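Listed next as C-alpha cells is one chain, alone, in the form predicted alone.
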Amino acid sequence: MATFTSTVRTVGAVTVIDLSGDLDAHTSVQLERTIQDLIQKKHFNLIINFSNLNYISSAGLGVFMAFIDDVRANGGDIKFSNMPEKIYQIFDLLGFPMLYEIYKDEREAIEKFKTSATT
C-alpha cells in the first residue's frame, strides 16, 4: 500500500490539491481535513489532481460528496483533473461525471474556472 499525501498549491485564483498514493478509509480523513481547512479559508475554486493517485475507496469518494454542496453554495466548484484510467472507471461507474467536471489535464480545469469567472 502506497502512502497517501495531499499537497496544496495555488494557481492564480484556483487552489490545486495534488493527491498521491492510496486514498482509503484511513487516509480519507487527511483529505477531509485539507478540504475543510481550504473552505474555512474561503478557497472555493478547487481542482483535485489525481495524476499520482494509485487507489481510491468509497471513503475517498465520499470526501468529495461531503463538500461539494458547501463549495458550490459559495460560488465555487470542485473539478477533477489528470485522472488515471483505472480511477476514472470507478468515478464513471458511480456516475460522478454527471456531478463533477473531469478534465484530462489541470490546465484545462484552470481555464474553465477562468472562463466561468468572466461569464
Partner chain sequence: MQTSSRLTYIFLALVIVCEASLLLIDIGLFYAHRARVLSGGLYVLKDLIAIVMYAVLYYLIRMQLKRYALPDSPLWLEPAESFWKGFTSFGLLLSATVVLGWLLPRSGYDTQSPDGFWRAMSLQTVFKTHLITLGFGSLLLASLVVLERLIFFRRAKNTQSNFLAMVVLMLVASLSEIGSLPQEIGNPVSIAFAALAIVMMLVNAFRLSWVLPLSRSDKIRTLFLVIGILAELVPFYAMDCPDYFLAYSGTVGFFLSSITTFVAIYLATTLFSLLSYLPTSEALERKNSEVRNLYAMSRFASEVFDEEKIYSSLVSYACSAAGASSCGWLDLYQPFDEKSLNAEQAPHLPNLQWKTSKGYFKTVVRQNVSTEHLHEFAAKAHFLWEEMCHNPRQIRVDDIETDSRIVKDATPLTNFLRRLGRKRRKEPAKIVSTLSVPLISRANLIGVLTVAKDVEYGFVKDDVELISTFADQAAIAIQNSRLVREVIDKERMQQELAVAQKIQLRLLPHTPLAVPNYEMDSLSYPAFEVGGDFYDYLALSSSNSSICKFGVMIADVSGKGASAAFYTAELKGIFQSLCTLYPDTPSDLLIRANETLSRSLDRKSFVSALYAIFDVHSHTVRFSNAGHCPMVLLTAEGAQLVKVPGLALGLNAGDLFQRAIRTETLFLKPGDAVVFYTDGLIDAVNSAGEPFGFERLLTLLSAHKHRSASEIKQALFEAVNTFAGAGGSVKDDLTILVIKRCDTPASH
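What you are looking at is a predicted structure, and each value in this text was computed from that prediction instead of being measured. Positions refer to the first chain, counted from 1.
The same protein also exists as the form predicted together with its partner chain; that form is not shown, yet it is the one meant from here on.
For this session: Check, residue by residue, if Gly62, Asp69 and Gln89 all come within 4.5 Å of its partner chain in the predicted bound form, counting heavy atoms only.
Result: The answer is yes: all three residues contact the partner (heavy atom, 4.5 Å cut-off).
For this session: Could you confirm whether Ser58 comes within 4.5 Å of its partner chain in the predicted bound form, counting heavy atoms only?
Result: Because a heavy atom of Ser58 falls inside 4.5 Å of its partner chain in the predicted bound form, the answer is yes.
Exercise. Are any of the heavy atoms in Tyr103 no more than 4.5 Å from a heavy atom of its partner chain in the predicted bound form?
Worked result: Flag for Tyr103 set to no.
Problem set entry | Lys41, heavy atom within 4.5 angstroms of its partner chain in the predicted bound form | It does not: once its partner chain is placed as it appears in the predicted bound form, Lys41 has no heavy atom within 4.5 Å of it.
For this session: Tell me, yes or no, whether Gly12 is in contact with its partner chain in the predicted bound form, where a contact means a heavy atom of each within 4.5 Å.
Result: Contact check for Gly12: no, nothing within 4.5 Å of its partner chain in the predicted bound form.
Exercise. In sequence order, which positions of 65-100 have a non-hydrogen atom within 4.5 Å of its partner chain in the predicted bound form?
Worked result: In sequence order, Met65, Ala66, Asp69, Asp70, Gln89, Leu93, Leu94, Gly95, Phe96, Met98, Leu99 come within 4.5 Å of the partner.
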